[in-house]
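One chain comes next, on its own, written as structure tokens: the form predicted alone.
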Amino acid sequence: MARILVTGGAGFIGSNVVDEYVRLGHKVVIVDNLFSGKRENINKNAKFYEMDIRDKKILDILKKEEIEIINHHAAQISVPDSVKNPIFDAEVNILGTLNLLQCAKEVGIKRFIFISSGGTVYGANAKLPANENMPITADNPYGISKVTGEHYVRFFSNQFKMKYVILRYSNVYGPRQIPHGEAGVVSIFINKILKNEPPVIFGEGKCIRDYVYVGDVARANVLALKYATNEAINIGTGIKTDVNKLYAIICKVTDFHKKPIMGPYREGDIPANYLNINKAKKVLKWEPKINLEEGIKRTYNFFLKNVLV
């Protein structure tokens, strides 16, 4: 069993990953500043430090807890927010990652799992489905910060022999998802439906995305502890779904019948993105198990019992 630090472990995806690590018997330490993470998401069997990833004191935590593996989920997660405030995005996503890598180097971390964005790093003009051999030519600040993080991870690996895995997520959804930003569209829609209000659909609902269930994503993070050394791997479904179809599925699951409000395209939005996951199947020995309708059912049932904010 490994001693693992999960940054962002109180957040939507990170907390689901922590739960899976704990379930399998790993010793898990969480670092989260609770900017978007929630205290109630923290696994009771993990040790929690309320701290920003830019804090130099993370080095002390790595030493004290004898951490062997870092799983880096903490980030500024919103594409529209990155467009509005690119400096803050860079401070968190680039400088925060760099601080973690520097601290990891100091203690000889065995493996660094970096969470990147398959939805943005390939850019708006990528040939779809995007695969890992394509150029990473992000064209919004969030994607640029993730590409930069990937480059720094590779630099530290080459320079200091640190093993790494880069997981490039498509649009992750599921229990604990916050109704915030483009990536939170499933929970945004469910939040509105629970209030009996029609949601706003931007870009006439034509934006195409690849929606992957958080439980499948957590399983990929388990496999990344062992497989795909020094590789970048797409984590998605390979299935393209536009927002109108997504809303139709959510309406079917929730028995909701109000028409949505149509809004304009938003700054920074990529018109279409979905991922080729052949490498994940081959190298990581992973593929998704939960289809979109089943995942939405699980997500809706979770939010029926838990208040969204």
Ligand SMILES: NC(=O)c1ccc[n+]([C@@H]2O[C@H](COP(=O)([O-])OP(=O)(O)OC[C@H]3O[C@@H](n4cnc5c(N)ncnc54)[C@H](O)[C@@H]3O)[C@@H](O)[C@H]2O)c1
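Note that residue numbering begins at 1 and tracks the sequence as displayed. Owing to the predicted nature of the structure, the values given are computational and were not obtained by experimental measurement.
One more form of this protein should be noted, the form predicted together with the ligand, which is absent from this view; the next part is about it.
Which of 129 to 137, 152 to 160, 188 to 196, 116 to 124 sits within 4.5 Å of the ligand in the predicted bound form, heavy atom basis: Looking at the other structure, the answer is 116 to 124.
Is there a non-hydrogen atom of N234 within 4.5 angstroms of a non-hydrogen atom of the ligand in the predicted bound form? No, N234 stays farther than 4.5 Å from the ligand in the predicted bound form.
Under a 4.5 Å heavy atom criterion, is N221 part of the interface with the ligand in the predicted bound form? Output for N221 is no: heavy atoms all beyond 4.5 Å of the ligand.
Taking heavy atoms and a 4.5 Å cut-off, does V165 contact the ligand in the predicted bound form? Flag for V165 set to no.
Going by a heavy atom distance of 4.5 Å, is A104 a contact of the ligand in the predicted bound form? The answer is no: A104 has no heavy atom within 4.5 Å of the ligand.
Sort through A228, I144, A75, V79 and report the residue having a heavy atom within 4.5 Å of the ligand in the predicted bound form. If I apply the 4.5 Å criterion carefully, the residue I get is A75.
Using heavy atoms only and a 4.5 Å cut-off, determine which of C207, I109, V172, I201 is in contact with the ligand in the predicted bound form. Spelling it out, the residue with a heavy atom inside the cut-off is V172.
Are there residues in 34 to 72 with a heavy atom within 4.5 Å of the ligand in the predicted bound form, and which are they, in order? Heavy-atom contacts to the ligand in the predicted bound form: L34, F35, S36, G37, M51, D52, I53, R54.
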